[in-house]
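Encoded as structure tokens, the following chain is the form predicted alone, with no partner shown.
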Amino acid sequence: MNAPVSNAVTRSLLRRLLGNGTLIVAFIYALLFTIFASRQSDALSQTSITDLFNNAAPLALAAAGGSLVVLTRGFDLSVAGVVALSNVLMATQVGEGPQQALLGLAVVCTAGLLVGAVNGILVAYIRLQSIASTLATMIVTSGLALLVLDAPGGTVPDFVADTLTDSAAGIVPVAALILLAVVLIWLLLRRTDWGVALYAVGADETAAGLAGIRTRRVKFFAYCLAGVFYALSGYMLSALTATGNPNAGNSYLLLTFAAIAIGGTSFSGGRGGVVGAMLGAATLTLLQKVLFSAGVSSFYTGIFQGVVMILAVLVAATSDRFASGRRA
């Protein structure tokens, strides 16, 4: 192979690697975990690994849902309200036992689906701006959360808290199994007609419509599924905290989009996906642990989160350029 051809192959490979947000965030996570392991002697213990999955799961589920909307070139701010509403419902309306746990899951998922359906109707069919529409539903759901529980309190059933934060057979964290199930479901959905159409709509909605894709239906179902994921996030958060807080979802508004961006999902739509967003969420969670292990005061957490958000947008923009074969 002559030098020009070799250089062209190398550049092409480099563009593919740097344009793959999932690979980038996986590398960042591995780097952070190496730092974390060097400061924590028990980083590889069963307890530590379970703790990592438990802490990452709520944000990972929220990011998974948000990424579906971002793929359609939309923004869903209702994540904060749905997470909070699901959390307070679990802390006040659910009793002990497996049947009550399933009932609670059905209730919060129904609530998330309804919010997602409202978002989908407003954005896909009435054609309102996604930011304005989902901001409105966030305000409404946050208000409903305050009506259910006006101050931090309540108690999440022990069955939910103990089961979801434990390890299956004492080996695999239950949270890891839940996240793996989400990944498998996404991989299946991505290969369906709806999954293919989701990317087509995000890349060029007009062209997708001309190709016969029912663009409004695709966007509607993206918002509906996102609402369910937000509800699952609130459900997992409830298990993790074992209590309710009507303001529990506030921090997710920033961190969800940061996780999506770090994971390589383009805010211009049509590129990225759930797996990268979930890895982005895991990376943000691990970053907080690394900062804590380094003795950084929690008062600076917001500053670091803001910096991470800026860096996330830069990473996404850089990935866009490499993916399209342009120089940054």
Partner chain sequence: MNWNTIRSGLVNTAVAAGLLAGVAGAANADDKKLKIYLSLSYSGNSWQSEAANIVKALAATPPYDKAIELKEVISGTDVQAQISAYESMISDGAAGIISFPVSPTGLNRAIRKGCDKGTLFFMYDGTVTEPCAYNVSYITAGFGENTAQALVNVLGGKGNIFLSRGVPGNSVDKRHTDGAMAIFKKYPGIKVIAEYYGMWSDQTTQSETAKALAAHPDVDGIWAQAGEDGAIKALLATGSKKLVPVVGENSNGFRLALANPAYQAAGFKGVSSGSPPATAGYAFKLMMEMLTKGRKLTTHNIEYPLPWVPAEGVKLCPGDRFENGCNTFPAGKVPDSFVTEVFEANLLPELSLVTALDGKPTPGMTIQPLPGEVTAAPDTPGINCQKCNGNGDIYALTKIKATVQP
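Positions refer to the first chain, counted from 1. What you see is a predicted model, and the numbers here were worked out from it, not measured in a lab.
Another form, the form predicted together with its partner chain, is not on view; read the next lines as being about it.
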Is it the case that F27, A30 and V228 all touch its partner chain in the model of the complex, with a non-hydrogen atom of each within 4.5 angstroms? no
Which of 106-114, 173-181, 239-247, 219-227 sits within 4.5 Å of its partner chain in the model of the complex, heavy atom basis: 239-247
Exercise: T155 in contact with its partner chain in the model of the complex, heavy atom 4.5 Å: yes
Answer for L255 alone: is it within 4.5 Å of its partner chain in the model of the complex, judged on heavy atom distances? yes
Looking at the partner-bound form in the model of the complex, is L102 within 4.5 Å of its partner chain by any heavy atom? no
Considering only heavy atoms, tell me if A294 and its partner chain come within 4.5 Å of each other in the model of the complex. yes
